[in-house]
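Starting off, we have a lone chain in the form predicted alone, written out as structure tokens.
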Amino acid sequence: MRSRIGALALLSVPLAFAWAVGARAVAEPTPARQAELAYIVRQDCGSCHGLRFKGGLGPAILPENLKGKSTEALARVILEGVPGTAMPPWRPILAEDEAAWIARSLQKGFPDAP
């Protein structure tokens, strides 16, 4: 009995590690949701950052302007907003993986509207 408990304990370590690694994997929104997100970014983000993202009320958000900023930091700004500025928190309508997708897309150069 004691050896079975030990064996289970030994097996649980790699399983827990595999779960932890899998939980950190980046989820990608579906293509349909990506199209919705692209529309939201073009319309809502564009109203402050400019329709071509070259800046306006908010700063420019082109790849060259985001260089050196981590995807995680950008996603956090998208989700939490910037207190004291016009940047609202988008957490009520965006999931974390969606904010990360938007951040990655902005860093690469946001796709053109269809």
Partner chain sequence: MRLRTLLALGVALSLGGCSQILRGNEEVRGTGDLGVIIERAAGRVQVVETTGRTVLGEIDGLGDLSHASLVFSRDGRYAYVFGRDGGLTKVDLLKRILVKRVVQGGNSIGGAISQDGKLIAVSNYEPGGVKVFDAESLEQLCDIPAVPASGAKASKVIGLIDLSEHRFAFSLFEAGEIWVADLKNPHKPVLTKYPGAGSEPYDAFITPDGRYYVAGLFGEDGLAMLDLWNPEKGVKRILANYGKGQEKLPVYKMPHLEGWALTGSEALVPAVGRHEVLVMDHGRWQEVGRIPVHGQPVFVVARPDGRQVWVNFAFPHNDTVQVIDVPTRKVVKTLNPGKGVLHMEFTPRGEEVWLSVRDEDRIEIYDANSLEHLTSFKSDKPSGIFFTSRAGRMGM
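Source: prediction; values computed, not measured. Positions refer to the first chain, counted from 1.
Below: the form predicted in complex with its partner chain, not depicted.
*Asks:* Let me know the one among 73, 27, 51, 35 whose heavy atoms come within 4.5 Å of its partner chain in the predicted bound form, would you?
*Replies:* By the 4.5 Å criterion, the partner-contacting residue is 51.
*Asks:* At 4.5 Å between heavy atoms, is residue 95 in contact with its partner chain in the predicted bound form?
*Replies:* Although its partner chain is absent here, residue 95 would stay clear of it in the predicted bound form, with no heavy atoms inside 4.5 Å.
*Asks:* Although the partner isn't part of this model, could you tell me whether residue 63 comes within 4.5 Å of its partner chain in the predicted bound form, counting any heavy atom of the residue?
*Replies:* No, residue 63 sits far enough from its partner chain in the predicted bound form that none of its heavy atoms falls within 4.5 Å.
*Asks:* How about residue 84: is it within 4.5 Å of its partner chain in the predicted bound form, going by heavy atoms?
*Replies:* Answer yes; at least one heavy atom of residue 84 falls within 4.5 Å of its partner chain in the predicted bound form.
*Asks:* Should residue 77 be classed as touching its partner chain in the predicted bound form when contacts are defined as heavy atoms within 4.5 Å?
*Replies:* Result no; residue 77 lies far from its partner chain in the predicted bound form.
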